[in-house]
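Take a look at this one chain, the form predicted on its own, written out in structure tokens.
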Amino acid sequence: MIGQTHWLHRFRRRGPAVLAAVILALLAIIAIFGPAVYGTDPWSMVAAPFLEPLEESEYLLGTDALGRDVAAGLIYGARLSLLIGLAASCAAMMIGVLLGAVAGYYRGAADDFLMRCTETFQTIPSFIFLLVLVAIAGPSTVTIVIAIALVSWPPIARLTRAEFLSLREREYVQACILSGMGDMRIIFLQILPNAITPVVVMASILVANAILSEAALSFLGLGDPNQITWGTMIGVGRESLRTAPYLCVLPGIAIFITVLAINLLGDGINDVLNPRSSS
């Protein structure tokens, strides 16, 4: 409890990280409850096309080329954009942590094989690989999450492996091995809890990259056609960029704020959990 209180105190002293946490909490509330509270269907044509923001009080953020409410699109888009970012990051972490843990703990042939596979994935340009995967499997929310996870796990695997290589030689691990404790118990109950801190920090980077990747796919027309995201809104609005720039600017600002907040929160968590950072 004392350690948790100390971490909380250190975190509260980092203004940007606290502000980022508040922003992300508000975004989460909007994503969860916004569609039910706002009520307007983002696909419905509710007014005249190209109403500019603040032109009508009922549609504060205006309408798009088909007369759809831009505010409704931003609210519904927040849910899917954040969901894809979190789901893809969790999947990438599961793959990377598992492979990195096995490579770092067993070393030898297992380490060589898994690291060569990791290096093979890293030699392929990640976004090109992502485009190919989604184009082959077909654009849908599930395939986008899987594709982003498949191009995102190598850094997690390498980081986890490095932590396991260091921690495996510690006295408490050697004591567990000599006492006959099983490998799985040692990996998941002894080493992983002590190796997870840098992985959690990197997870914030993965979430931000996943949101940007999904936005880029949707912008290029490879997003889920049955769902609306911030990237989809930018892709649709680019055809009217000169006459109605707000159609791209508003979802672009939403992506910018979200990604910036995630990165600031990740930096704050790193400062708090890293014992070498300033108090």
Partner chain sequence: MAQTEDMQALLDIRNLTVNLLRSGAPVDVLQDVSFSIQAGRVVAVVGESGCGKSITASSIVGLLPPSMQIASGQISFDGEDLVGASERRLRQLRAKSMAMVFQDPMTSLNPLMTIGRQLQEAAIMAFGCSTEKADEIALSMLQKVGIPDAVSRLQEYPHSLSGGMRQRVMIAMALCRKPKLLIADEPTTALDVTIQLQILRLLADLQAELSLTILIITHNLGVVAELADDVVVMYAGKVVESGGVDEILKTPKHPYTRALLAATPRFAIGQPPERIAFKEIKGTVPELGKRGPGCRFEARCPASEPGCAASAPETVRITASHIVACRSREMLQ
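Because the structure is predicted, anything quoted here is derived from the model rather than measured. Numbering follows the first chain given and starts at 1.
Just so it is clear, the following notes concern the form predicted together with the partner chain, a form of the same protein that is not shown.
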item: Contact assignment for the partner chain in the predicted complex, among 115, 83, 90, 181, heavy atom within 4.5 Å; value: 181
item: Heavy atom contact within 4.5 Å of the partner chain in the predicted complex, the stretch among 140-148, 67-75, 185-193, 95-103; value: 185-193
item: 4.5 Å heavy atom contact, residue 109 and the partner chain in the predicted complex; value: no
item: Contact flag, residue 205 vs the partner chain in the predicted complex, heavy atom cut 4.5 Å; value: no
item: Contact test in the predicted complex: residue 177 vs the partner chain, heavy atoms, 4.5 Å; value: yes
